[in-house]
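Only one chain is shown below, in structure tokens, and it's the form predicted on its own.
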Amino acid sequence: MSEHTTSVANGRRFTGFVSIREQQHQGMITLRGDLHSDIVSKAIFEITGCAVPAQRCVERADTCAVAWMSPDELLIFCPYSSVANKEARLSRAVAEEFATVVNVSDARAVFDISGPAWRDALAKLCPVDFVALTEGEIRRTRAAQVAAAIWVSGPEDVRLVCFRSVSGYVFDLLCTAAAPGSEPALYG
């Protein structure tokens, strides 16, 4: 039997052949600019402890992670309680650069998906070769009809980031894809 509960403190949860949990209060900052700039690289490192990641990769340090989103865009994950401070510090640090820094914490939703079969659940929704996607990588794609980013955060863990405005739809999609008994049949 599946478990489908909602809690104000912990976000929505579902347990099927993988577990799904909505992260509440995840701090996120988008930085757009020249990722090869010494000023940007130095600011990212000083404020997050992370280097600017390689293409489609995520760097982690302490409570922060920095994800490569495009040739001129990073998504910074940090505690919600420190996002305003980090945003202000980043803005000041890159003020002389052609760059923008925006707190997108309340505009995005994050779902943690855990279990050895996470690839099977997400393969039902996304046109991605999940076998080729390894730990520490991030991929922008679509989850059914909406934009999403998928970060392989551990051996059996992945984070899905989407716009908050479609988070209910995405949560329902994930629950359907992970429903007990809907695991793909193994052939051969």
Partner chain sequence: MLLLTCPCCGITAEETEFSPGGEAHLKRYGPGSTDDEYEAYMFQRKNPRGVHFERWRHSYGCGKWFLAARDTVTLEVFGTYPAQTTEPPADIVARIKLKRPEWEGYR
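What you see is a predicted model, and the numbers here were worked out from it, not measured in a lab. Residue numbers count along the first chain shown, from 1.
Unshown form predicted in complex with its partner chain; subsequent notes refer to it.
**Q** I need the one stretch from 115-123, 137-145, 57-65, 35-43 whose residues put non-hydrogen atoms within 4.5 angstroms of its partner chain in the predicted bound form.
**A** Residues of 137-145 come within 4.5 Å of the partner.
**Q** Though only this chain appears here, would Pro79 touch its partner chain in the predicted bound form if you measure heavy atom gaps against 4.5 Å?
**A** Residue-level check for Pro79: no, no contact with its partner chain.
**Q** Should Glu97 be counted as a contact of its partner chain in the predicted bound form, where contact means heavy atoms within 4.5 Å?
**A** Answer no; every heavy atom of Glu97 is more than 4.5 Å from its partner chain in the predicted bound form.
**Q** Does Val152 reach its partner chain in the predicted bound form, with heavy atoms at most 4.5 Å apart?
**A** So Val152 does not count as contacting its partner chain.
**Q** Check whether Val52 has any heavy atom within 4.5 Å of a heavy atom of its partner chain in the predicted bound form, and answer yes or no.
**A** Contact with its partner chain, no.
**Q** Though the partner is not shown here, which residues of 43-73 have a heavy atom within 4.5 Å of its partner chain in the predicted bound form?
**A** Residues within 4.5 Å: Gln55, Arg56, Trp68, Met69, Ser70, Pro71, Asp72.
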